Structure formats: C-alpha cells, structure tokens
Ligand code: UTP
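As structure tokens, one chain now follows by itself in the form predicted alone.
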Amino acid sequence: MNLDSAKAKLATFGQEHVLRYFDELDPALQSKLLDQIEATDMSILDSCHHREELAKKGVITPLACMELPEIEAHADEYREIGEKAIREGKVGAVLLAGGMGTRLGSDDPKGMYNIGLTRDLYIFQCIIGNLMDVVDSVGAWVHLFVMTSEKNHDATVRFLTEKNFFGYDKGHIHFFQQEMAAATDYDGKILLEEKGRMATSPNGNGGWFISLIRAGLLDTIHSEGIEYLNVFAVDNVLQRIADPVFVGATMAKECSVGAKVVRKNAPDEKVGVMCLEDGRPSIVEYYELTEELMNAKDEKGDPAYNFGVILNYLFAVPELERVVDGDLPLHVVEKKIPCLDENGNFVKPESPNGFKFENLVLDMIHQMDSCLPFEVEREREFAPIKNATGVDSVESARALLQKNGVML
C-alpha cells in the first residue's frame, strides 16, 4: 500500500491521525506502518458506538448436560469409539496460546511460566504431558496446532524448540498466528503504541479457526483426514486433551460440538454456563446471569444453569467449515491499553482508556446445530492459572497438581 492509498483508507474511517508522525519515521518504519494500515480491518471500529446493542442476548433456556453417572455407565463404549477415532488420525488438538504472562508478573508467553517448586515445570510442559498420556495409551500421535500471537510467536517457537517440544513428535506440531485487531479510545479513534505502529491486540479466542485457515493449515487437516478438533486454552494445566471418552461421547451423540464443563461451586461463580439461546446451543457469561437465571431449577430440583465451561471444546471440522463464512458477533471490551498520549509520550494507563475488539469461541458454539455439555471432575481437570495468587492462581493450580500426584 502506498501513502495515498493509506490516506484514502484512513479518511474513509475517520482515522487520519494514524499518520500524525509519518514524516518522522525512517523509510523502513514508514513501510511497516503502511503495511499495518493495509492489513487492518477498520470496518469494525464504529461498533464501539453500539456496544449495548451488540451485547443483547436472546431467550435463555436450559441445556441438559451429560453428567458423571451417565458418563461412567457408558465409559467403556465411549472410550472405544474415541480411541478408534484417534488411532485413525481423525482427532486433532488446537492449543490457544496467544497470551502473555503479564498477570503472573512475567514478560514471557504464558505457556513458558515455570510453576515448579523443586524442579522446572512449565505450563507448556504440563499441557504437552497431558496430551502425551493419550498418545501413549492409544499408540498414535495427535496433530497439535499451536496458536500464538504477533506478540509471543517467536518466543514460543524458540522455547518449545529448545525444549525439544517436551518429547512430543515435532512432525505433529504446527504453529500459526492469531489475527490482530486495532484498539481504540472511547471515541473509536485508533490508538498508537509507537509513532509508527497502531495499538493492536489479538482478536479473541473465537478467531482461531479463521486464523488457522489463513495460515494454510486447513489443507493439512484435510490431507491428514482430521475430522474433529479439540480446542483448549493454555492456562488450565490439568485439562485432558483428546480425551477418548469425551471424543467418543460427542461422536456417539452425533453432536456438532462437545463442551467440557464442571459443576459450579457457587451460583455466582465467575464462569460462563451452557444454555440454549433462542433454541440453539450457547454460553451465557457469569456477568449476564440474572438473579432469576441463577435461582432457576430443573426438573430434578437442581440449579438449571449449573455447569460452567472450561474452554475445552471438540468441534466437528465440517461444521466449522459450514459456519466459517458467517460473521461472528463482535465483542467490544473496555481495557487498559498502553499507548502514546497527546504529546507522543508512551503511557501505561492504570485504568481502562479504550476498547479492544474480539470474537469469542462461545459465539462459535451458538452457530452449531447441537452441543453436548460433558461433565468432568473439577479437581481432576480444572486448574486454571489466571492470577499470581488467590483464586485461579499459580498457588491454587500447584495445590491441585499435587493432589493429582504431579511432582512440583
């Protein structure tokens, strides 16, 4: 993109200020800024003026969960189905690892965080070790697609390569980068993080499939005969990946997607819950749960919205391809965004100063025809690391790992 084309694009969206410092930049930085302008979708930015409308939910009703007693009664049947699919190469895994360890006090990618006490034990190591359990028991490698971000890609690839992928077969590991979205102030004006660079952030965990496609990896999925993708987040060090019983149950019930869930430990626990929205599978976030929904009961007298998602989903690839051309709802999120102030000085705000624009995986669920909420034992499969201390922290995850026999 040349300068005139960039000016025309920016003028169309009222973002001419992005070139404020253009003449101060050297030719290399000018070229990078023009490339960034060309690659940025600015059509989404006006949505910050319609946040309330975008956030509206449809009619919420309960969605029945496959609970532990039913799973245990059919575990052998489901395991046989799942193991057969894994041995035949029909199951792949997608690790969402685009985040940084900032909230843990680290400048490295989150997966590089060392949670060991008497030995090195990295988050990536825990995740890969959990997948290796399935590989060893089934006797077949599972293709692992690792989504990084612009901010952590090089460090992630370098770290895993140096660690020899913690024993995982490198021929079954594929990296791709998450798409980025511009960040704006409260008026919808793009912020600058440098004089030659717009402020950006990853476009949300719902952008994983389109990012995978744009990286050319859908061809790999097709050529390898992969029919299901188990998508999961980097921060849960206990989660089971390509779990044969989960895979088999989702296949046996012929559902478009399976969702691992845990029984909530309190009505107001800060987890999204499975539901139906206008008759289709959906997830309602904890802050969207009204008192009426929190207190609703099912036919057994149990809480009707009692199962929280842990960001571990099994999608049927044909269903993903069916919905990929549809527009996912946009989430406009208020955030603290490091940027240049009006005098061109870099600042790290202590309170929110603008918006980030995200697609979320929960909206992909809502585009599916059917979903199987699949209960797992919280203490065996849910040890999220979101904070340095307290709830869902390094401390709590360490305690749960030790409880499950993992040496720290």
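For the two forms, the rigid core is made up of the largest set of C-alpha atoms that agree within 1.5 Å on superposition. Since this is a predicted model, take the numbers as computed values, not measurements. Residue positions are given as counts along the sequence shown, with the first one as 1.
Keep in mind the form predicted in complex with the named molecule is missing from the figure; the text below concerns it.
Peer 1: Only one of Asn230, Thr156, Thr250, Gln178 has a non-hydrogen atom within 4.5 angstroms of the named molecule in the predicted bound form; which is it?
Peer 2: Spelling it out, the residue with a heavy atom inside the cut-off is Gln178.
Peer 1: Of these, Asn312, Thr200, Ser282, Asn205, which has a heavy atom no more than 4.5 Å from the named molecule in the predicted bound form?
Peer 2: Here the answer is residue option Asn205.
Peer 1: Residue-level contact is defined here as any heavy atom of the residue lying within 4.5 Å of the named molecule in the predicted bound form; does Leu96 satisfy this criterion?
Peer 2: Yes, contact at 4.5 Å.
Peer 1: At the 4.5 Å heavy atom threshold, is Lys9 in contact with the named molecule in the predicted bound form?
Peer 2: Lys9: no, not in contact with the named molecule in the predicted bound form.
Peer 1: Since only the chain is shown here, I'm wondering whether Ala140 would be in contact with the named molecule in the predicted bound form (any heavy atom pair within 4.5 Å).
Peer 2: No, no contact at 4.5 Å.
Peer 1: Using 4.5 Å between non-hydrogen atoms, is Thr102 touching the named molecule in the predicted bound form?
Peer 2: Close contact exists here: in the predicted bound form, Thr102 approaches the named molecule to within 4.5 Å, heavy atoms only.
Peer 1: When the named molecule is placed as it is in the predicted bound form, which of 256-264, 117-125, 187-195, 231-239 ends up with heavy atoms within 4.5 Å of it?
Peer 2: Flagged stretch: 231-239.
Peer 1: Taking the named molecule in the predicted bound form, which residues along 329-354 bring a heavy atom to within 4.5 Å of it?
Peer 2: The stretch 329-354, when checked against the named molecule in the predicted bound form, contributes only Lys335 at the 4.5 Å heavy-atom cut-off.
Peer 1: If I superpose the two forms on their rigid core, does the C-alpha of Glu334 end up displaced by 2 Å or more between this form and the one not shown?
Peer 2: It does, since the Glu334 C-alpha is displaced 2 Å or more between this form and the one not shown after the core fit.
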